[in-house]
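The chain below stands alone, shown as structure tokens; this is the form predicted on its own.
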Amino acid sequence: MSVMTGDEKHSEASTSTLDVLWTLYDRVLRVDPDRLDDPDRDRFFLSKGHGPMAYYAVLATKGFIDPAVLAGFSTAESPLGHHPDRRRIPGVEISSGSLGQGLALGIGSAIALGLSCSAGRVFVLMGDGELDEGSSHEAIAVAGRLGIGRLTTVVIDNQSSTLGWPGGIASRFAVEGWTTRVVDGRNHDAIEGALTATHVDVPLAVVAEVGRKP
């Protein structure tokens, strides 16, 4: 039996998110690298923070960070570590890496945006393994029952969760009142369509299927 190193695990976690990240930043998110403090910007939270390499590549391509810093990933002098650090990387809204934290932070941010009358929306990208964490299920329940319509979560489904539901991952969100959609996690048009489809005053969960891990 082969055992993956830490770098290999981080690489795999990144490649599974690349298509969703690119579609978000290229077609969906209202964010501007020249206006990082815009109160009406959309907020993106990478809850799946243990696989940030694809995230860094997209940020560099979209002008948030200098592409030259990508070559120094994970070196002592680089701002780009194995977990993203909001204090060191422009455009990163939260420091992340601990599983099961991002959705709860997204709820708090969405509530704050509503109270401040901001037009911003909140998008949270999770891994399906995070559904093994109790904090994720508490957040799913709270968001559904509060009807936080400006909140969207994308779950990367590579079948790494140890839990199961008769109707799949989407059913876990639907039972709490979320609108749910299941898409091919490599199809940019399908991802965009799911993320931009109209849903009324309830949070949206998009399950992006990317296949079974080897």
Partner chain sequence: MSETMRDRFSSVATDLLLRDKKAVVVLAAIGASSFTDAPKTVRNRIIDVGIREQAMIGVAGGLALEGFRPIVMSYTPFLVERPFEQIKLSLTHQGVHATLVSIGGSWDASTEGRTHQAPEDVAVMSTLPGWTIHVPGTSDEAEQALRLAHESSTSHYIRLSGDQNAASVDVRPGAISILRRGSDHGPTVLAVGPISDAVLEAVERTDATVLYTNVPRPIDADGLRAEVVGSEIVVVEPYLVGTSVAQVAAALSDRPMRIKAIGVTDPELSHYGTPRELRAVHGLDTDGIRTALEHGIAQVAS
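Residue numbers count along the first chain shown, from 1. Please read all numbers here as calculations on a predicted model, not as lab measurements.
There is another form of this protein, the form predicted together with the partner chain, and it is not shown here; the text below is about that form.
Contact with the partner chain in the predicted complex, judged by any heavy atom within 4.5 Å, is made by just one of 53, 146, 69, 29: 146.
Proximity to the partner chain in the predicted complex, taken as heavy atoms within 4.5 Å, picks out 39 to 47 from the listed stretches 184 to 192, 150 to 158, 57 to 65, 39 to 47. The putative spot formed by 169, 175 and 204 is not touched by the partner chain in the predicted complex; no residue has a non-hydrogen atom within 4.5 angstroms of it. With a 4.5 Å cutoff on heavy atoms, residue 130 does not count as touching the partner chain in the predicted complex; it lies far away. Among residues of the shown chain, residue 115 is one whose heavy atoms approach the partner chain to within 4.5 Å in the predicted complex. Of the heavy atoms in residue 86, some are within 4.5 Å of the partner chain in the predicted complex. Taking non-hydrogen atoms only, residue 98 approaches the partner chain to within 4.5 angstroms in the predicted complex.
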